[in-house]
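Subsequent text provides structure tokens for two forms of one protein chain, presented individually as structure 1 and structure 2.
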Structure 1
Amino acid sequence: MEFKIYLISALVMAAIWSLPAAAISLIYGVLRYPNFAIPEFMTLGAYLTLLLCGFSLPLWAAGLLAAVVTGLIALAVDQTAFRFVRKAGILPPVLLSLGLMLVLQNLVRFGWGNGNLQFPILPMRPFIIAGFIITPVQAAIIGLVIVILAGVFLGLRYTEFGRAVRATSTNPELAIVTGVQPERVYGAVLFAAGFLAAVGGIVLATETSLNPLLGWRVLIPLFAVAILGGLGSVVGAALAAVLVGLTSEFSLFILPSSYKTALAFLVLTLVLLVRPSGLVKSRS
């Protein structure tokens, strides 16, 4: 019985993590820096959804709108700040993302305070399928994430623009020579990253609750997932999310729950030591 509960909760966590981890992975793959503000875009997306729910929008519509707005904010910040340090190496964008992290996290704190808030959803009776207990919300999260990830994967694989993104990731100079406009690619990647992170934050908040540390608390698991997945690979991020999700849930048999994050850090360090290229070699 316990085993089945942990399995479902591991899969739900994996689904939630895989979107923001894919966002980190995409930025890393194309722009080559770790963006520490991605978890804050999760928080921002969740709070914007709450704000829009206040205008009596249904949750799904509020969430969609909030995710688009978050994507636009990510794009705007990239164009007004990150854009100017593109050629200055890895450090300036990392520092900018740290500054952005502080700004976003405290913007939310300023607006809504430190307390825990909830989305206006009514508790629903869970399904029981072959002994597995899963709530409708959890089922919806897993379904939604699979659809979005498939969309991103197919988009990258089969569209002209997806090819441009992959080309820029593999060899920027060559991509430019063949007519790809890198700034467009960067802009699209940032919008997509903000959007994915926001959806991740919204689904995380529906499973737990909203508070200003919503995203920050999963920063380490997200980076563990993104690195294990081989930076730059969306499929890798999804696989790694399942693996890290299973590890951290089943660690509950031997470790207290407060150490889930610490365990993710150990996974991260171990991956860097043993296989820094990740499980799936990135497409580059």
Structure 2
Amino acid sequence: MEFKIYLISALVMAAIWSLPAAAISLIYGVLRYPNFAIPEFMTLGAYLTLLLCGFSLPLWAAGLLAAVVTGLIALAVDQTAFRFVRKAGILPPVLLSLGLMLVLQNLVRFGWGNGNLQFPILPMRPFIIAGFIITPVQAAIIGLVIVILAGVFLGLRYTEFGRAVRATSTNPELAIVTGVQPERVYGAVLFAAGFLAAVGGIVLATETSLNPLLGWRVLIPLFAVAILGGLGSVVGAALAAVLVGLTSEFSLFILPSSYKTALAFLVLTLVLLVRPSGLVKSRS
């Protein structure tokens, strides 16, 4: 029974990590810098959802609207700040993202305080499928994330926008010659990253609770998952999230829960020793 409980827990955790890790990976793959503000966009998206729930919106509608608003905020920040430092190398955007991380975290503290809050979700009885006990919320999280990741993968692989993203990622100057406008691609990527991060924050808060450190607490695991998957690869981020989730949860058979994060980094180290580019090498 413990095996089944840990497996469900690992899949839920992997689902929660995979979307913001994909956002980190997507930004790095196209704009070539690690954006440390992504975890705080998770927190912002979750709190905006709580705010919208106060207007009697159902949780799914509030979450969708909050994710769109968070994506627009990420786009606005990119166009008013990051856009002007892109050509100055990797350090300025990294420093900007660190500053943005602190600003967003403190804005949430100012607006909602430091206490723990909960989404208005009524208690629901878990159901049993083939001996696996899973709650309706956990099933919804796993299903939602699979649908979103599939949509992102298909969009990047088979649409005109996806081809523009891949062309810009490979060679922005050459992409301009073929008619692609890199600034539009960068803006769209930042909107998508903000949207994915917000959904990740909403599902994390749904499974746990809301507090201003919601995103901060998963900052290191998210970057570990993004690096392990291969920066620039959405599929790799999803696979790495599953691997880290399974390793972390099944380690509970032999180790206390306080070692889960350390074990995740041990897996990261071992995989990178064998595959320095990560589980899936981005082909841009």
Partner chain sequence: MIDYLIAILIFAGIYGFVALGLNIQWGLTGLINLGQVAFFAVGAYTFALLSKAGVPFLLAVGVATALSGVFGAAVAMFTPRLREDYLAIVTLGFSEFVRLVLLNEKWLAGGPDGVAGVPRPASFPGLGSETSFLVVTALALAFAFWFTRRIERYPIGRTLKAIREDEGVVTSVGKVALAYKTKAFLLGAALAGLGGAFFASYLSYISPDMFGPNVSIYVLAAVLIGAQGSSVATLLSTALVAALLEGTRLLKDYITFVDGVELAALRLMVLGLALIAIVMVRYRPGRA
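Here, rigid core means the biggest group of C-alpha atoms that superpose within 1.5 Å across both forms. Residue numbering: sequential along structure 1, first residue numbered 1. Note that the structure is a prediction, hence the values are computed from the model and not measured.
Where the criterion is the form predicted alone, structure 2 meets it and its counterpart does not. Ala10 shows a C-alpha shift below 2 Å between structure 1 and structure 2 [criterion: core-superposed Cα displacement of 2 Å].
After superposition on the rigid core, displacement of the C-alpha of Ile24 between structure 1 and structure 2 stays below 2 Å. Superposed on the rigid core, the forms differ at Ala264: its CA is offset by 3.4 Å between structure 1 and structure 2.
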